[in-house]
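First come two forms of one protein chain, each written alone as structure tokens, so that there is a structure 1 and a structure 2.
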Structure 1
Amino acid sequence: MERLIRKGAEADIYLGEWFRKEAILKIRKPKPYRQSELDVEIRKKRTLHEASFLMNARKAGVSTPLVYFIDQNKAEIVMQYIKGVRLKEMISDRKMDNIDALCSEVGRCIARLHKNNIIHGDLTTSNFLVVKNRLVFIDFGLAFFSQRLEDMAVDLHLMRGVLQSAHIEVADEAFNKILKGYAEIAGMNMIKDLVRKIKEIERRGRYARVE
């Protein structure tokens, strides 16, 4: 009945039904390579975070799949099936006409999350689903609450890294659009602070050398 539709890095994603509605079953299966206590700790924590932050994000004004059911011990979540295309494929297939608009919307959504002290923790183009012209954010397993500028900057730094590694041909343009969208919600001052912080983070981590 359930069909495996994707093997994510963390979880297996099945398409099935939940009370006669199409639904996604996301299971964080044990990873045999991981020490078992650590493995259980990670899977439980992320399942719980994911479920609660899918809801928190919605309250902050960002669309996410509805959560139908969660089993923390089995590290399973049943959620609404979103029939959409990932932004990753939209960019790769060069459906360029609305990419700009979508990137601005990505920026606005991230700003809404940050405004509510929600750090997504895993901003990548495979975690934005596009349905018609709307954006749905998924994969909140690494999300957490924070008011620190640093955490928000790391969030955006990761986003930029993904664009530069996976979508180099549009990376700079897309990131600028994201910042523009972000600024619409959070204001220019906030963006200035963030950009400064991102630069600092990049200087710090990169090419750490034996000291």
Structure 2
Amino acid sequence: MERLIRKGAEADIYLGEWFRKEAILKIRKPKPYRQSELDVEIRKKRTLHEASFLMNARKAGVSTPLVYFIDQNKAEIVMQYIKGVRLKEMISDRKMDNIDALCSEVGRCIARLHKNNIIHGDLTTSNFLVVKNRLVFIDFGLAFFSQRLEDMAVDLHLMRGVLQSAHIEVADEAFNKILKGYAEIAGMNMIKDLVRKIKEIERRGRYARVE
């Protein structure tokens, strides 16, 4: 029996079984405001898109849930159920005695994605699961390929913003550890370029005016 565990704006997440294994079913819901045929096509493409990026991330050396099955017609992905705790909850509940190690690993994982031209697009502390001090990346629905420094900087800028809004007590320390881990994979020159670009993005946001 499938059990709804999370409702999202784009998809619902169910806990069920796949050949007697616990599994996650992610089903993209029809949007009544879209023309029917267009809606079906969009949901099919986004389902394949996310499944593809889950697999590409694994090839890049980043842990993600295994994809068991894709049903294009139902806009459904069946994937491995990961018994972990969201990084967000660990920080909020002050369960992060190993915050330095975990945040450094976050940085290393992001760098591996970026070295393979994968931009996650939604780097928040809700999209990391911690399993016995191992990180698993989830939700690649907004991922895309890019070699642009700007896109990589936006990924990190989003992560920093989430830390500052949801985890203000540890935000600076955590983000510095993320950058340190990133540098271990990408090198200090890359980090310097990214930090400059992040500051540029912040300045643009600060002085942007609503017309």
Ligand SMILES: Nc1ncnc2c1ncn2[C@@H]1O[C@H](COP(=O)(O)OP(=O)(O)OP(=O)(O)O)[C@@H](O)[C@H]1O
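In this text, rigid core is short for the largest set of C-alphas that superpose within 1.5 Å between two forms. Numbering for residues begins at 1 and runs along the sequence of structure 1. Not measured: the values here are computed from a predicted model.
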Which number belongs to the form predicted alone, 1 or 2?
2
Large Cα shift (2 Å or above) at residue 165 between structures 1 and 2, core-fitted
no
Rigid core superposition, residue 74 Cα moves 2 angstroms or more between structures 1 and 2:
yes
Once both forms share the same rigid core frame, by what distance in Å has the CA of residue 10 shifted between structures 1 and 2?
3.1
Rigid core superposed, residue 34 Cα shift between structures 1 and 2 in Å?
6.2
